[in-house]
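Next comes just one chain, in structure tokens: the form predicted on its own.
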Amino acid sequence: MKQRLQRIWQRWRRGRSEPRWLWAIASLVLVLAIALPVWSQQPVKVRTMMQALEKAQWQSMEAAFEAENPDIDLEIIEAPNDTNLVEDLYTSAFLLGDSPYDLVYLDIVWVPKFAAAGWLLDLSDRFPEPERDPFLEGDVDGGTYQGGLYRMPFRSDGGMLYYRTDMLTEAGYEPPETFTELIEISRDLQAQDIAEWGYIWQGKQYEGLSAMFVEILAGFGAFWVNPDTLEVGLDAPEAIAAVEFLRSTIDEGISPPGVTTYAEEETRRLFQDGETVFLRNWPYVASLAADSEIAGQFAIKPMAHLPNEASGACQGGWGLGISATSRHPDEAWRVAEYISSEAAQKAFILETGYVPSRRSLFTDPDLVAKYPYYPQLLEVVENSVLRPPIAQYAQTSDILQRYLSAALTGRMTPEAAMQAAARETRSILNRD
């Protein structure tokens, strides 16, 4: 075909008298005959965006995916490392009407907002119930909104209690199960000058405060917002008691006065420096502490709770959703399937130390050899509790942070603060 068109072209160039319009059509056909096969062989570009640090960590996985899928070019746009800024960039792109991203790399708390706005495709048909069983329940639940599934789980996260095994052994204690035991052990070890502080947690006014508090709420048998009924539980007696517990740790010197200004890193450093017995934090601390002076002298367990209540680990984590405006949803789904596969997750976790979303990987021999605490970590993350999966989550979290901070710093009583937080939250949710 190509040679025949070239001969026609040459004859016309020697002066044949066909009309110009016919000559133009033949020229176009010739160009298309040559170019179309080339164009059709070009890989489909699938775009997403993520923080600069994690983009660098994805390089090996990106290369492996493209080697197995040469028809897809996975392009990762670099964003700031600030999670809030990344959310704002995604939001701005969608509000402009035609997002350039085929895949959205989602923090778990973004899912309700993005799904309610119609920015994500429902993946329920692509990811049916039986295929979800190998994943942590909290990770799957965190990707759902009003019965639809909008996020493919990739890496998980969960809050937990760290404790110094050497300090507890020296004083003859077992790890605490209840809040009362945690306080009693802290007091005794402080009295013996074994540790300066008993219990460190994230008390700064930011999202980490909300994440920490849902664990204390769960331990007191309380709740924040019921996503099904939009009932608000912040002014219930159990929730007020949860705030009073945190405030008492400061008043009694179990926690330092500065804890109300601490985020994750400030608390981690105090724990690694040997200044505290107990620490509430995320799994990333374990890898860092294992390379510090307290290596081999700490362990992890689920958060403490009241005697008749259950422990709760704030569910965190990231995964991939497909943009509702994507021109390549099938190719985007292939990326999401690949990164959530057992092999891809294992390779990524071995390289980075993040937490997998597949249960089997917590007991994988290669991973356990590198991260010996993973079997205990599984016990923690299987007792997860979600921050309220509601479209107005950002506003409700801001309300909680403000009033909880006021209670913890003594500017309001716990009762007054939680009553005010509950009123404003009901107003946002139209539940007055």
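Model, not experiment: these values are computed from the prediction. One rule holds for the numbers: they count along the sequence shown, beginning at 1.
Below: the form predicted together with a small molecule, not depicted.
Interface residue among D88, E266, E309, D107 relative to the small molecule in the predicted bound form, by the heavy atom within 4.5 Å criterion: D107. For a residue to qualify, one of its non-hydrogen atoms must sit within 4.5 Å of the small molecule in the predicted bound form; none of D102, F154 and R334 qualifies.
Contact annotation for T83: at least one heavy atom lies within 4.5 Å of the small molecule in the predicted bound form. The small molecule in the predicted bound form is not approached by F220, whose heavy atoms all lie more than 4.5 angstroms from it.
Remark: P227 does not count among the residues lining the small molecule in the predicted bound form, judged by a heavy atom distance of 4.5 Å or less.
Contact check for W282: a heavy atom falls within 4.5 Å of the small molecule in the predicted bound form.
Only one segment in the set 201-209, 174-182, 248-256, 126-134 has any non-hydrogen atom within 4.5 angstroms of the small molecule in the predicted bound form, and it is 201-209.
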